[in-house]
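A lone chain, given as structure tokens: the form predicted on its own.
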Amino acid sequence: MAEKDVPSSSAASDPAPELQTGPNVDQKPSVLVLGMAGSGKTTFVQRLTAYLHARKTPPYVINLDPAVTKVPYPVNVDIRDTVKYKEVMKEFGMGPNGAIMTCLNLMCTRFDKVIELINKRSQDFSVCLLDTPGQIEAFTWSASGSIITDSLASSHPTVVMYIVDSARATNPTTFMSNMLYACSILYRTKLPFIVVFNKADIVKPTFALKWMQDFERFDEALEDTRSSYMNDLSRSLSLVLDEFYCGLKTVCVSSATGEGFDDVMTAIAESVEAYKTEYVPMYEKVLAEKKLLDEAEKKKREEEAMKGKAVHDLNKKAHGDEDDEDGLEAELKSKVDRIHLGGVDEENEEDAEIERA
């Protein structure tokens, strides 16, 4: 993993920072950009990067897609500098998808260094953007996705942006698939979540917003598709996801024209506040519960050790030993070598005096 920017020489003379026991809520946020393949994640990151540079508030950009041939935006940290995608395919005999997942897993073994770089440069950027591969399963069930999101969220404010292809989502079944993935990621990460309907220049995503707010409109769209089995399934899922839609932040953008990016920054700012008021208290509660469990486990081990000592003492008394402590000390001396502090001659004399069992 290599950072493109060269650290300043004065960094070595800076005083050591104080130990951070919890998330630094005052640090600039990180935005994790997720979505299905072809939804426009990389183009979205490119447009958002250009938007921020134009306003003299440059972002810190991280590329986590090892298979991309060209990154169309200035990148600070690139996974391709750490893991070679084609070499992973060749060495492990994997296909493209398996190699991408393996590259992410390998990257996660060094992700603490990425967090250090983000924290170190936090005063120099307005927001940290993380572009991810289209293998959405990395963040729905893989351990690497949990490591990335948990590492970021336990360090500083973190927001998840889920990119949806509006043109493809006109099909109710495809729309429902996207919403299921979004729901899965939301409940897995428990982080502030924004659904971004991309490609608004091709199809205005107002239909999707209406489907989320009004079940009857979605039901009408299902009837038009004339697929009875999928209609019933999608209808049932829509009712299940009704609670998921409540309070869900949505933004409509066009990465091609730049439409809607003011709303994106507003949604990020609101999500950072939600992180402070909702995620941080939950994090502190989990941390306190873990501390109590650790203390209970320590106490349990101490009690077991005391019970073992009591059994040992009873066994000694059962054998009729009058002086248990002296007997135990003599037994240890007869079987355990003493720590040597002298020269060779003294060591030889000590060895000659040791009684062997």
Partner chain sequence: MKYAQLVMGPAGSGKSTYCSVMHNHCLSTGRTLRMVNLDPACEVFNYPAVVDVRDLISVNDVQEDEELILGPNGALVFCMEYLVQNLEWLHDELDEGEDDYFVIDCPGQIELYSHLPVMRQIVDALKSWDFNVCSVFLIDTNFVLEAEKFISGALTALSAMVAIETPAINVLTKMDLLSERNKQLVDEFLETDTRAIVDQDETVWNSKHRKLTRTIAQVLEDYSIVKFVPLNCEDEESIDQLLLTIDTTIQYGEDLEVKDNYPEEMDPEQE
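Residue numbers count along the first chain shown, from 1. Between two forms, the rigid core is the largest collection of C-alphas that superpose within 1.5 Å. It should be emphasised that the depicted structure is a prediction, and the values quoted were computed from it without experimental measurement.
One more form of this protein should be noted, the form predicted in complex with the partner chain, which is absent from this view; the next part is about it.
Candidate stretches 278-286, 74-82, 112-120, 210-218, one within 4.5 Å of the partner chain in the model of the complex by heavy atom: Among the listed stretches, the partner-contacting one is 278-286.
4.5 Å heavy atom contact, Asp165 to the partner chain in the model of the complex: Close contact exists here: in the model of the complex, Asp165 approaches the partner chain to within 4.5 Å, heavy atoms only.
is_contact(Ala256, the partner chain) in the model of the complex, heavy atom dist at most 4.5 Å: Close contact is absent here: in the model of the complex, Ala256 is far from the partner chain, nothing within 4.5 Å, heavy atoms only.
Contact label in the model of the complex: Val264 to the partner chain, heavy atom within 4.5 Å: Heavy-atom contact with the partner chain at 4.5 Å: absent for Val264.
4.5 Å heavy atom contact, Glu273 to the partner chain in the model of the complex: Result no; Glu273 lies far from the partner chain in the model of the complex.
Every residue of Ala37, Met94 and Trp141 near the partner chain in the model of the complex, heavy atom within 4.5 Å: Every residue of the spot touches the partner chain in the model of the complex.
Members of 239-270 lying within 4.5 angstroms of the partner chain, judged by heavy atom, in the model of the complex: Going through 239-270 in order - heavy atoms within 4.5 Å of the partner chain in the model of the complex - the hits are Leu239, Val240, Glu243, Phe244.
Core-aligned C-alpha movement of Ala138 between this form and the one not shown reaching 2 Å: Passes the 2 Å threshold, so yes.
Post core alignment: His53 C-alpha displaced by 2 Å or more between this form and the one not shown: No, shifts by less than 2 Å.
CA of Met107, rigid core aligned, shift of 2 Å or more between this form and the one not shown: Met107 C-alpha, core-superposed: shift of less than 2 Å.
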